[in-house]
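Quick setup: one chain, the form predicted alone, written in C-alpha cells, and binding and motion questions come after.
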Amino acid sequence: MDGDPPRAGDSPRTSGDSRTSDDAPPPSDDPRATYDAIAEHFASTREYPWPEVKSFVADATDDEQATRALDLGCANGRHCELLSEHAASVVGLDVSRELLREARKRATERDFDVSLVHGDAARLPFCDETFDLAVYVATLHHLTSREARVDSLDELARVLRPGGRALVSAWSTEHSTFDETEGFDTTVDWTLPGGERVPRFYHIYDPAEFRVDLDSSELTPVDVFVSSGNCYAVVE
C-alpha cells in the first residue's frame, strides 16, 4: 500500500457509511482485498517517489550506501527503486499480492534489484536489527485500530539496526481536504476506469495524535513535521 495525499477524485466518507449490492466491493477495513482489487490501476498512477522520501534517503545515506533497506508498504515499488540507488540490498513488503506483482513488473522493466515479501506491517517477518534504512509511507493510516498502528511502529523499531533511520508518514488533518482538527476514521473511495468505486479505510491523524503514537512506540522521533498534507517523522 502506498497512497498519495488526498487529491481531486478522492471521495472521503465517514467510516459509518455503508452500502450493499450483489457485487459489493471488498470491505474497506480489509486492505489486502482492497488493494488486490485496484492494484493494476493504482500502480499506473504511482510513477515517481515523493520529494520528502527522496530528501530523507539522500540525507540518511549522505553519500554512503546503506547495507540493507526496507520499503514497508511498498505497493508498486516506486520507493524500492529509489532505495536501490542508495542501498546494497532492498526488501519491499506489502499485504497485497497483486501490488507485489506490480512491483516485480516494475523491477523487471527498470532493471533494479529488490526482494519482495508478502506480509503484515504489524507483524513483520524479519529478524531483529535487520535494516539500517527504511521508509514506511502512506501505509500506517490503513491499519484499523490504534493498537495495530502502535504495534506496527514497534515492529519497525525492532527490525531497525542501532543507529538505523526510517521515515514514517500518514495522512493528516492538516490537508485542505479535511475540516476536522482531531484524528478520525474515514473511508476514501478509489474509482476504477469503469466507474466502480472501491472503499479504502483511513485513519486521518492530527499532528499531536501522530506524535503521541510515535512516543508510545519503541521508536525515537528525530524530526516530526507536516508536509503536503501528511504527517511525517524521521525516527530511529
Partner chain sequence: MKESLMDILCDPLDKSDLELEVDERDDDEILEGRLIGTETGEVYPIEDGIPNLLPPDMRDD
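Positions refer to the first chain, counted from 1. Owing to the predicted nature of the structure, the values given are computational and were not obtained by experimental measurement.
Beyond what is shown, the protein has a form predicted in complex with its partner chain; the following relates to that form.
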- Query: residue 115 near its partner chain in the predicted complex, any heavy atom under 4.5 Å?
  - Reply: yes
- Query: Taking heavy atoms and a 4.5 Å cut-off, does residue 97 contact its partner chain in the predicted complex?
  - Reply: yes
- Heavy atom of residue 130 within 4.5 Å of its partner chain in the predicted complex: yes
- Message: Is residue 68 part of the interface with its partner chain in the predicted complex - any heavy atom within 4.5 Å?
- Response: yes
- Item | Contact residue in the predicted complex, chosen from 150, 156, 91, 107 - any heavy atom within 4.5 Å of its partner chain | 91
- Item | Of 211, 175, 32, 54, the one that lies within 4.5 Å of its partner chain in the predicted complex (heavy atoms) | 32
- Given 133-141, 80-88, 97-105, 162-170, the stretch touching its partner chain in the predicted complex at heavy atoms within 4.5 Å is 97-105
- Item | Neighbours of its partner chain in the predicted complex among 117-132 [non-hydrogen atom within 4.5 angstroms] | 117, 118, 119, 120, 123, 124, 125, 126, 127, 130, 131
